[in-house]
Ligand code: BES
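As C-alpha cells, one chain now follows by itself in the form predicted on its own.
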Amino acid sequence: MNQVLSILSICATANFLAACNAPAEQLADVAHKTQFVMDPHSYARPEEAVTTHLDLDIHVDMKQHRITGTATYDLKRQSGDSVIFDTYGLTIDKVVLGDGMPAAFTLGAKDSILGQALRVALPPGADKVSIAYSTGPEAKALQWLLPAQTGDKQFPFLFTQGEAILTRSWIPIQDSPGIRITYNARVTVPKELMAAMSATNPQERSTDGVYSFKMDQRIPSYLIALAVGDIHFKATGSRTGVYAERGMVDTAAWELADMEKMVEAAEKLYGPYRWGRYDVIVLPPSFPFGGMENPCLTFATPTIIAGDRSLTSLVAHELAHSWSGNLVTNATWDDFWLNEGFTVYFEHRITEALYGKDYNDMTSLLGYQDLLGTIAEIDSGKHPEDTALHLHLAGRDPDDGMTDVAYEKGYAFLRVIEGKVGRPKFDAFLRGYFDHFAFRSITTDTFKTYITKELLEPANVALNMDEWIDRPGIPSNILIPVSDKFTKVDSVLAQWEKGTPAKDLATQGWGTFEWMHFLRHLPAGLKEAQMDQLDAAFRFTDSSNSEILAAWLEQCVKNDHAKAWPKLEEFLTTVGRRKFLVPLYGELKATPKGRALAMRIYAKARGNYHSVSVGTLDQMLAWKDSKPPVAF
C-alpha cells in the first residue's frame, strides 16, 4: 500500500478569511505556508496538484442503480505534470482539460481497500480537469433501496455514506480528509422524486427533476452527500427543519422540535453557526449509523424517533460536528479522535444546557460503560493498540478505527483537561481553537502543540497528554461519571434480585436512560420465568424505543429467551444501524444454536444493510456469500 501526501487545507483568500471568522493576520500567516501530512488512505499527491473546487453534473438512474455524469475540478498546480484522484469501481469514460482537449489518463492497480488511482496528465498551464464517469455495482457509498425497503413503500430511495473513504466509489475525487474543496452540483433524478445534498437545499419539489446545490465552504470529500427519494420538508425553526418520506415527516418534525434551541445553545458556547441552515433528513432504517454530520443536512436513522423526544441527543452530537469535525477536521483517519472526542464533549455541553445535569450525568455514564466494553473487546482482538486515541491504520480499512475509543476516551480526556483548568478557561480555549483552525484539517501533533502553547503553559498545568493520546488503555486519572438517577436504578434492580415482583418495582417516571442502565445490569443466567416476568411488567418486546428494545433483545439472546426470536428477527431485518447489529449478532454467534439463528437471519437481512454494516458483519460472522464477488 502506498503512503501518499495529503494537503492540510488553508485559508487562502480575503473572502475566505472573513468566512473563517478568525483574526485575518492569524490566518494569513497560515495561508502562506502549504503544509502536508502523510495520508495512508489516499493516492492523491497534493504536493503536485490539489483540487480546490468541484462542479458535479450527474444523472441518478434509480432503475439501473447507477450514477453517470462529469466531475469538473479547478486545480492548484504545485509541481509535476499530473494530478491523481482516488476511485473505487468507477468506469472512467474520458477526461478532458479546461480547453476541451482530451487528457491522457491511466488507472492504477486495484486495491481492495483503496480502489484505484486515476492519474491524469497535465500539460503546462492546465488548471482544470473534467472526468466523465459512471458508478459500478460495487459502489460502497451508495445504498439503493427498493420501494419495499422504505418507510412509505411507494418509491425507491438512494442515500450515500462517504465516511471514511467511500466517496471515491461515487465520485472520482482526492479522497482525503486533509484536502478541502468547495462544490456546486447539478443532479437529475426522476420527476416524482426529490434530491437533497450536504449543501444549500430545496424545500419544494422541482417540476423537471433537476436540482442545483452549492457549498461555498471548503469541506473534505467524505462530507459530500446525496439523498434521493420521495422526500418532503417541514420547518422546525427559522433556520432548522426536517426532511423525510411523506409518512415520516410530521412525526420527525415533532420529535426534533428542539433543533433551533440546540443551535442557539451551541452558539452561546462556542461561537456562531457558520453553515447557514441546519436541517436533518430522516432516512430509511437501513442507514448504518445513528447520524452523519454532512454539512447543512445531517443524515439520521429513524431509530432516533422514539415518540418521546428522548433520543435527540444524537442530533446535538451531529450539530456539534458543525464545529468539531466539519469546521476543524482530522487531517487523516489516524486523527479521528479529534473529530469525535471534541464532538461528544460539545454534545454533552449542549444537552446539559437544555436538559440539565442529571441528563448529562446519565448519558456520560452510559458512554463510559460503552468505552469499557469496547476496550475489553479490542484488547481481546488483533489490534489492542487501537485503544490509544492516536491510531496507526496504514494498510487497514480506516473504518477499523471508528470505535467508542475515539468518542468516549476522547471525551474523557477533554473532561480531565476541563477539570484541571476549570470550565471558563476551557470554554475560552475551545472557542479560540474553533476560530483559529476554522475550515482547516489538523493532526494530533498540531493539537498537542496548540493546546500546550495556548492553555496548558499559561495555566501552569501539568497533563499526562502522551499517556492519554499515544498509549492504549484507560489512564489512571480518568474521571468516572456518576449518576444519582442510576444509583436509584441500581437500588430498584437490587430489590428485584431479592425477590420483589417486577410489577411492584418503583419505576414510575423512568426515561430511556434509566431503562437502558437497568437492562444492561441485569444479572447473568436469568431463568425463563424471570424473563417472562420482566416482559409482562414492562413490555420490553413491544417497545417502540430502539435503544430499549435493542438492550432487551441482547438480554434475550444471552438468556436464550426464545419467545423473543420473532421480534429479534423483525428487528434485525428492518434496522441497519451498526450500533445495534454488532452486539446482537455478536451475542448470537457465541453459541451453536445462536450462530445458526444468526446465519439464517443474516442471509435474509444482508441485502437490506449498507456496505458499512455488511463489511463489519461479514467479517464477524465469517460470511461466505453463495454468489461470486463482483469485480470492479
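Don't overthink the numbering: it's just position in the shown sequence, from 1. Being a predicted model, the structure only gives us computed values, none of them experimental.
Not pictured, yet referred to below: the form predicted in complex with the named molecule.
Exercise for the section: Scan 354, 314, 502, 235 and let me know which has any heavy atom within 4.5 Å of the named molecule in the predicted complex. Expected result: None of the other options qualify; the answer is 314.
Exercise for the section: Counting non-hydrogen atoms within 4.5 angstroms of the named molecule in the predicted complex, say which of 386, 293, 279, 255 makes the cut. Expected result: Looking at the other structure, the residue within range turns out to be 293.
Exercise for the section: Would you mind picking out the stretch of 441-449, 158-166, 410-418, 557-565 that comes within 4.5 angstroms of the named molecule in the predicted complex, counting non-hydrogen atoms? Expected result: Of the options given, it is 158-166.
Handout entry: the named molecule in the predicted complex reached by all of 140, 617 and 618, non-hydrogen atom within 4.5 Å
Key = The answer is no; none of 140, 617 and 618 reaches the named molecule.
Problem - Residue contact check: residue 340 to the named molecule in the predicted complex, 4.5 Å heavy atom - result: Residue 340: yes, in contact with the named molecule in the predicted complex.
Handout entry: Contact label in the predicted complex: residue 402 to the named molecule, heavy atom within 4.5 Å
Key = Output for residue 402 is yes: heavy atoms within 4.5 Å of the named molecule.
Handout entry: 4.5 Å heavy atom contact, residue 45 to the named molecule in the predicted complex
Key = Output for residue 45 is no: heavy atoms all beyond 4.5 Å of the named molecule.
Exercise for the section: Give a yes or no for residue 183: in the predicted complex, does one of its heavy atoms lie within 4.5 Å of a heavy atom belonging to the named molecule? Expected result: Answer no; every heavy atom of residue 183 is more than 4.5 Å from the named molecule in the predicted complex.
Problem - Heavy atom within 4.5 Å of the named molecule in the predicted complex - qualifying residues of 205-225 - result: Residues within 4.5 Å: none.
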